[in-house]
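Only one chain is shown below, in structure tokens, and it's the form predicted alone.
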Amino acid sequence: MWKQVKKIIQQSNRFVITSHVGPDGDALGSELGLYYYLKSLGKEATILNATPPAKNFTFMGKNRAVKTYNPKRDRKLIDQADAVFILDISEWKRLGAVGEDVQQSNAKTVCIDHHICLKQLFDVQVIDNKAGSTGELIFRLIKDMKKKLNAKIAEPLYIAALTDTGSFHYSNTSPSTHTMVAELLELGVNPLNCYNQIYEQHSLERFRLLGQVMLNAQLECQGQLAWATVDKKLARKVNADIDDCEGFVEMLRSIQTVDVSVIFREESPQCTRVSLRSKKTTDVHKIARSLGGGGHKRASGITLNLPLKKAIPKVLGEAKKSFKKRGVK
């Protein structure tokens, strides 16, 4: 499929790059890696995301390369684009307002993603769910284009790999991941600085929120299922932001007996975001997919148009089915 992608890059001059709402390290890293690569070819490129990044990733857009989509200001960029790259997501609805406007444009759509995808929704799709990150796929594309990488391209691709492999300890970390990282480090990436910017800039309020959430955490299925909720009232109680709960689901998973962890996060009175993680046995992607979500075998997510109180039993009911099949009550 790289042949089709390469042809579109070679024959096009104006590009828009986008990713899912709430862009994470892999979304932003792969976007910026591709952005700097296209700019090095003399192409016009713009990154447009429906929502801004979480606080710990704002440093990645300090040069204003990453824009939060404003239809009045930015719609013309989509209308004038020859091609739109959709990265780290392979469904329209999670592109938000950007996706709605791209579907009405005449631009070629190219999807590059490492999540499980069951449908052909875009003009060109390159999906490899064995890749550790979408950044790894962008790295492969650039190498396949016979283009030398530089430090500007290398750092965001490193961040993509760092964040989506859990600092290189998740099961999606492969020899090819480390081979890529070795080359990126040789180009001058500073791993200490990247880690510090992402993981060591938390507020005291975040830790107070973490304490409150963990106090209310529940264990079920003989201690193998852990879950907790984060609502806006609780966040306000400790002067935290609701976004401060990012990463809490991994902490729940680290409990010795736990195989599956779930965090329920209140987005609005009628919307709940759910994060699911598994340690080694349960395929949480199957749970997420049954409820309209998606992701990976060990890490998935769902957005439910339900209030928190209704979302909890719906998701836990699906999660418990996988335990019942193994005789765990």
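The numbering used is simple: start at 1 and walk along the sequence shown. All values reported here derive from a predicted model rather than from experimental measurement.
Only in words, not in the display: the form predicted together with adenosine monophosphate, which the text now covers.
Participant: Spell out, yes or no, whether the shortest heavy atom distance between Asn56 and adenosine monophosphate in the predicted complex is within 4.5 Å.
Facilitator: Contact check for Asn56: no, nothing within 4.5 Å of adenosine monophosphate in the predicted complex.
Participant: Considering only heavy atoms, tell me if Ile302 and adenosine monophosphate come within 4.5 Å of each other in the predicted complex.
Facilitator: The answer is yes: Ile302 has a heavy atom within 4.5 Å of adenosine monophosphate.
Participant: Going by a heavy atom distance of 4.5 Å, is Lys108 a contact of adenosine monophosphate in the predicted complex?
Facilitator: Taking the distances in the predicted complex, the answer for Lys108 is no, it never comes within 4.5 Å of adenosine monophosphate.
Participant: Mark Asp101 yes when one of its heavy atoms lies within 4.5 Å of a heavy atom of adenosine monophosphate in the predicted complex, and no otherwise.
Facilitator: No, Asp101 stays farther than 4.5 Å from adenosine monophosphate in the predicted complex.
Participant: Where, among 57 to 65, 44 to 52, 28 to 36, 274 to 282, do residues come within 4.5 Å of adenosine monophosphate in the predicted complex by heavy atom distance?
Facilitator: Residues of 274 to 282 come within 4.5 Å of the partner.
Participant: Since exactly one of Asp128, Asp231, Glu246, Asp82 fits, which has a heavy atom within 4.5 Å of adenosine monophosphate in the predicted complex?
Facilitator: Among Asp128, Asp231, Glu246, Asp82, a heavy atom within 4.5 Å of adenosine monophosphate in the predicted complex occurs only for Glu246.
Participant: Which one, Arg75, Lys152, His115, Arg253, lies within 4.5 Å of adenosine monophosphate in the predicted complex by heavy atoms?
Facilitator: Selected residue: His115.
Participant: Using a 4.5 Å heavy atom cut-off, are Glu266, Pro269 and Lys309 all in contact with adenosine monophosphate in the predicted complex?
Facilitator: Answer is no for this spot.
Participant: If we check adenosine monophosphate in the predicted complex, which of the residues in 91 to 119 reach within 4.5 angstroms of it by a non-hydrogen atom?
Facilitator: Heavy-atom contacts within 4.5 Å come from Glu91, Arg94, His115.
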